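Presented below, as structure tokens, is a lone chain in the form predicted alone.
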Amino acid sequence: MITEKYLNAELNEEMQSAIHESGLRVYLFPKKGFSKYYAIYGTAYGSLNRTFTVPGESEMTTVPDGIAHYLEHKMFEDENGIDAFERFAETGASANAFTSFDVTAYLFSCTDRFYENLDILLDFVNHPHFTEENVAKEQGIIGQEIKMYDDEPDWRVFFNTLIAMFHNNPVKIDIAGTVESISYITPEILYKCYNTFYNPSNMILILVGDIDMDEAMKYVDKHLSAKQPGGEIKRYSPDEPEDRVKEYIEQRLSVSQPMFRIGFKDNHPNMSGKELLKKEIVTEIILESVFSTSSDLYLDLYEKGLIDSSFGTETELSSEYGFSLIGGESAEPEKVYEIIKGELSRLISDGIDTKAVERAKKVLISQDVRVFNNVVEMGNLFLRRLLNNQNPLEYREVAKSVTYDDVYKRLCEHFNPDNCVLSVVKPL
């Protein structure tokens, strides 16, 4: 095993990396003197991956919606009926897991007994146990979870935005699937998805804290054998038109004030590495410049009583999908929408203030520096970056390389007021 080290002298931060003989990539971010440890074990597999070809097979496989999330739930129980959460509780660790559109991850944080907790993490993720009985039992539990989210205003206003933006991309489908779709899940399907996507060569392990790489790799050796049968997983994404499905979508739920999201669809997602990181940074610069609490637009909307402190922005970009959202609560979401579209049209015509762009770059760089003070934030953020073939210690370098022309081009391409959507959840 060869360990490589990457040092960012400006940040005084280091990343150690190693590729285990199984194909697993391991990354360590040493934090000398820190009392907290964090580990996150992730696979490049999420709700989008519903159609694929297993390495070594020629036939395409299509699985029920929600299976990646279902698989995450079932990973914690072993053949003796013992839940991994119980094992973590005995060591005093805090454990969790999550499934997103393109990632599934298992994690823990602790203040001592780190290697013991790492042993538990590697053990249960690498030893699945699915039976007809325990799969059927989980259907009721996840079914209730799905129904709960169907009535959750924040969740619905978010997913309705995706439904209004995307024609065919499965990003518009709820991560947990539907009550009907999960009824078709069987142990055989779970094992097929597990063996395909939980292959070590499709996974990474990130460790953050005062940890020794050699010692950690002993536990990787314990649970993973030599190179396992692998090969390229062929993933299929349907063609996606550039235009929106519809401009406006509305739902009535139990809320005291209307909630809204304005969505912008990314029509050129096929990127990775530094190219994707730069696009993400450029997009965040625009959001910070135009919509942050210090922007003229925010102050104008706030003083008119059209928005409140819930107003915010986010962007999520990957090699398979991408979007940016603006939203919050407002008594007049349609009026906010028209004002924002008007401001975007003006900026496309006149350009963004160069000083605002430079301020935004400094804000993003300072936020990146602060991440290194929190082991949990480091692990969660770096998981996505490393799965996208990005070096987390190069963020500052890439941000500094962004030019005004990069920002203006992205503004015109991504924040097109003629192709955005408005999602609103109104009171019953």
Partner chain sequence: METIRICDGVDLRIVNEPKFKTNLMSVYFNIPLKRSTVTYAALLPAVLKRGCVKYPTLKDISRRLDDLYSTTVNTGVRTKGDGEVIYFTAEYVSDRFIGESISAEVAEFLKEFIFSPLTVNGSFSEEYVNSEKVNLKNAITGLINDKKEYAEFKCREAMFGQDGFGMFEAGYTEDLDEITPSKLYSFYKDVLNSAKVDIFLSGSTNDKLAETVKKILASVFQPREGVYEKTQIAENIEKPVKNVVEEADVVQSKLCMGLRCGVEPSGNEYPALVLGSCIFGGSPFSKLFMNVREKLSLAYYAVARVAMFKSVMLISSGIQTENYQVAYDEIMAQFKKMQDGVIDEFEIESAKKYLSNSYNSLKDSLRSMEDYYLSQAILGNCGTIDKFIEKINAVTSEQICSVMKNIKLDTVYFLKGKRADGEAE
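Since this is a predicted model, take the numbers as computed values, not measurements. Numbering follows the first chain given and starts at 1.
Separately, the form predicted together with the partner chain exists; it is not shown, and the next lines address it.
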If contact means a heavy atom within 4.5 Å, which one of 54 to 62, 366 to 374, 380 to 388, 41 to 49 is the stretch that engages the partner chain in the predicted complex? 366 to 374
Taking the partner chain as it sits in the predicted complex, is A93 near enough to touch it, meaning that at least one heavy atom pair lies within 4.5 angstroms? yes
S35 near the partner chain in the predicted complex, any heavy atom under 4.5 Å? yes
Non-hydrogen atom contact N80 with the partner chain in the predicted complex at 4.5 angstroms: no
If we define contact as a non-hydrogen atom of the residue within 4.5 angstroms of the partner, is M259 a contact of the partner chain in the predicted complex? yes
For the three residues L11, L253 and Y298, verify that every one has a non-hydrogen atom within 4.5 Å of the partner chain in the predicted complex; reply yes or no. yes
Which residue among E329, E343, D266, E320 has a heavy atom within 4.5 angstroms of the partner chain in the predicted complex? E329
Quick one: of S183, S225, S294, N270, which gets a non-hydrogen atom within 4.5 angstroms of the partner chain in the predicted complex? S294
In the predicted complex, which residues of 110 to 124 put a heavy atom within 4.5 Å of the partner chain? C110, T111, R113
